[in-house]
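Shown here is one chain on its own, the form predicted alone, set out as structure tokens.
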């Protein structure tokens, strides 16, 4: 279905959402804990951290994922895929694109998922076999389980979704890039419906061990206090596992079939810093923000809230603050800014999806959750940061920022539903 320049851009609606996170695996539970200021970060239980520098993270509560998989008639395959399947089932059910637990009929829905580390659990298992038993003992399933697109392919197979399926890998920007790509596919007439979002699960000795040695993780021992976005005493980020799935749909087609419209994606911007593999660039971030605003045809003054990338690392938060000031100028004095990673942990390639879902909930409820652990805001982060209590927000669009290692930047503009 190629685009035609004579056809106007399609409006893009959000008609379904699903979430798997340390705060739970249903959006109502997640939202209530966000408003109550309850963090999902705790001591890690899934691996031995006795020899590691950091022993905390945000894990999905035990049993929830396993029970949800049983309901779908699935056994566990890989942590990232398992979480993505459960989140996708929620989103597709909510959008009324599937019913019950299957079997499912073919549906022309594309699957575009983001991930930072792919099938990390499967890689770790394969490494163990390689070093303990030799390469000749690697399982025949190693290739299909370890390929990054096993996540999108697994969802396509589970729910019989016959549109395009592929994975976008761009570190912490992956899910936002996936949502932005899906948005463009629908806007320009290449697809009517796309299941998009992201998933990452990396609490295994190889992946988490590598992150321990990069110097970006907080060493504050109290799990609930360790992730401190925009605080002067922040020491680094805290990792979390999770998945978020979002059904995007051509607005008119969603209305025609009686689907409930949760929100609308108005615009998307992306850029590359082209400066450093791990250090962010205010110039690059600002470019993506500016592109998103231009794409949405709105002025910075119209933004009701900014859901920041907010990793709680010393360099990233101050850089993002500078980027916001570049674009918003004096409007940054009044536009509330929140960061969700002190709740979910930094879910890497999934973070943009979980935080977009949180943004839709903020739009629907006209509330923003508090920023945790912000007793001492950093003077270098000169923004209107939400403090220790939820606040009411104006009706209007939210900007969602995502920035990643490798210099990739992605920004979404999400708007309340309006027919």
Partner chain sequence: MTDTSKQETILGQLRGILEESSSVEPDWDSFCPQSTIESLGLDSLTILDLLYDIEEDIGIHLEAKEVLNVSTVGEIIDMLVAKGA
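Numbering follows the first chain given and starts at 1. The model shown is predicted, which means the values in this text are computed figures rather than measured ones.
What comes next is about the form predicted together with the partner chain, which does not appear here.
At the 4.5 Å threshold, heavy atoms of residue 258 stay clear of the partner chain in the model of the complex, well away from it.
Using a 4.5 angstroms limit between non-hydrogen atoms, residue 326 is distant from the partner chain in the model of the complex. When the partner chain is considered in the model of the complex, residue 51 lies well away from it, no heavy atom lying within 4.5 Å.
Contact check for residue 224: every heavy atom lies farther than 4.5 Å from the partner chain in the model of the complex. Only one of 262-270, 139-147, 108-116, 93-101 places residue heavy atoms within 4.5 angstroms of the partner chain in the model of the complex, namely 139-147.
Among the residues 188, 253, 74, 279, the one placing a heavy atom within 4.5 Å of the partner chain in the model of the complex is 74.
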